[in-house]
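This document opens with one chain alone, in structure tokens, the form predicted on its own.
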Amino acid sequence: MTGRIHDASTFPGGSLECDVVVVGSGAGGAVAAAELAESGFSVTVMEEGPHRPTESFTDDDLAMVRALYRDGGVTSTLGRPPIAYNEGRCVGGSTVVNGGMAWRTPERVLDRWRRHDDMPDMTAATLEPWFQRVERLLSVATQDAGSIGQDQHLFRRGAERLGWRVVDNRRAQVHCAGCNRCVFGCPTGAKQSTLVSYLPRAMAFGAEVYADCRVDRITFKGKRAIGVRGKVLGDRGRPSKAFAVDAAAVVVAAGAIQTPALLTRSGFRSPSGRTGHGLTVHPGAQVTGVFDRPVEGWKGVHQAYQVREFDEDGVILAAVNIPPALVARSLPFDGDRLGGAMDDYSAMVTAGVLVEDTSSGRVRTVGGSPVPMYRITDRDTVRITTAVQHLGELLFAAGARHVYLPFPTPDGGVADVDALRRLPLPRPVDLELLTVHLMGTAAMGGDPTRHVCDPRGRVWDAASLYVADASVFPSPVGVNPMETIMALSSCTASAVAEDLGGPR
């Protein structure tokens, strides 16, 4: 029997029963749901956000942000400095609003997890079947040549002129046409978010998906998880009808911010005392180069290449076009001067750095809601600034005549490489940082006194309770995390199936 997507207009609340209830429908939750449904288990997916089908995605950026992002995308950590972050809040989760990048966990990261986190089986060979399966089901591939825009070609040219290693980006996409709408919902369905990949697969095997359903707590019988309770979100997202789902197993896949808050609201206390700790974010920063001729960066794929020259330093560089309003917000001007700078929008290349952080923060739960707290260390301030300088050098090598940076400069930017290199190190509070990669907070590992989950996602000191999202990362992965989440979620789903011993 094929499942379907329910929402507040069709689900009156009340009681449901299944083998496995999954909280969240993004990279972790949808994969767990599909794997378990295919194994014959009855699966119910509870998603807080609305269902927005592909045909509803438009070119109205503001409307899409309001429809697909938590809190309209206006969220940030508390700390020095605050870091803007985004969470998808819709059926398909953050996979609906990410760039679709699909990279395996680097072996150096797996080695770290083996050595520091008591996970001897965390090897590339062990994960190979899961990576292969994810890549096959997501049609992971590099871009067709005709979908690559001028901003990406300039980015690659600058890197090659400097002799830096450039790689073709690997993305979950089927012949993407390069409309550059990835982060606002792919209007063609080419990007293989879980909305168009894993969730339809899960429903084909009978899984039921409930949108507009906020899970408030996990229910326990002793230390055994036996279901979830929450509210259907009615008009304007207001809680209305109550629901209860009774299940033999609970899989939490709400993300690194929401998962620790749900565990804490539910009364769970890890013997490690580490629930909510270890938040890492891959702090990123935007650099904008202005060229002497039109680039029209909005034409072509979101991200076709990555510079991997600085892998060993935990740094990745990429060009990522963003809309005019977001560029304007990042520039150090206002009034007529801002208007003058934005006259060059069609000649701009916007690019960013991803830094594998050595800092870490914490998600506290205050009044039932998560409050992420994160403070950049002096060491990471230096690493981020160095990465920004590399990106500035690349843009100048590609032909930029002016570069805007994510921290104050005397003239609002720099006009050449020498000026870039003369800049003093900014203070941490002066950095303008952002991220879409939130990790940690319910780390997996072999020691229940140091970790929240075991190496297959089982929550220590709880029965029938699992976590399958980026919160299980013991440390940052240094690359786009989607494929790591999916591979680990596949492994966790197999653990659930083994523990249940078969459908009820």
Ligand SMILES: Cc1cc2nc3c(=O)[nH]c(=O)nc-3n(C[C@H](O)[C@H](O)[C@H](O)COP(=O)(O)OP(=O)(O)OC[C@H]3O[C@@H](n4cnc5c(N)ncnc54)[C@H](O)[C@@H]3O)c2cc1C
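Residue numbers here begin at 1 and follow the sequence given. No experiment lies behind these values; they were computed from the predicted model shown.
Note that the form predicted together with this ligand isn't included here; everything after this is about it.
A.B. asks: Only one of 59-67, 464-472, 35-43, 447-455 gets a heavy atom within 4.5 Å of this ligand in the model of the complex; which is it?
C.D. replies: It is the stretch 464-472.
A.B. asks: Does this ligand, in the model of the complex, lie within 4.5 angstroms of each residue among 86, 94 and 214, using heavy atoms as the measure?
C.D. replies: Heavy-atom distance to this ligand in the model of the complex: all three under 4.5 Å.
A.B. asks: Give me the residue from 77, 152, 288, 258 that has a heavy atom within 4.5 Å of this ligand in the model of the complex.
C.D. replies: When this ligand is considered in the model of the complex, the option within 4.5 Å is 258.
A.B. asks: Within 4.5 Å, heavy atoms only, which of 105, 98, 359, 197 is in contact with this ligand in the model of the complex?
C.D. replies: If I apply the 4.5 Å criterion carefully, the residue I get is 98.
A.B. asks: Given that the partner is absent here, does residue 253 sit within 4.5 Å of this ligand in the model of the complex, heavy atoms only?
C.D. replies: Residue 253: contacts this ligand in the model of the complex.
A.B. asks: Any of the heavy atoms of residue 490 lying within 4.5 Å of this ligand in the model of the complex?
C.D. replies: Taking the distances in the model of the complex, the answer for residue 490 is no, it never comes within 4.5 Å of this ligand.
A.B. asks: With the cut-off set at 4.5 Å between non-hydrogen atoms, does residue 482 touch this ligand in the model of the complex?
C.D. replies: Residue 482 belongs to the contact set for this ligand.
A.B. asks: I'd like to know whether residue 23 contacts this ligand in the model of the complex, with contact meaning heavy atoms within 4.5 angstroms.
C.D. replies: Residue-level check for residue 23: yes, a contact with this ligand.
A.B. asks: Suppose contact means any heavy atom within 4.5 Å; which members of 314-335 contact this ligand in the model of the complex?
C.D. replies: Contacts from 314-335: none.
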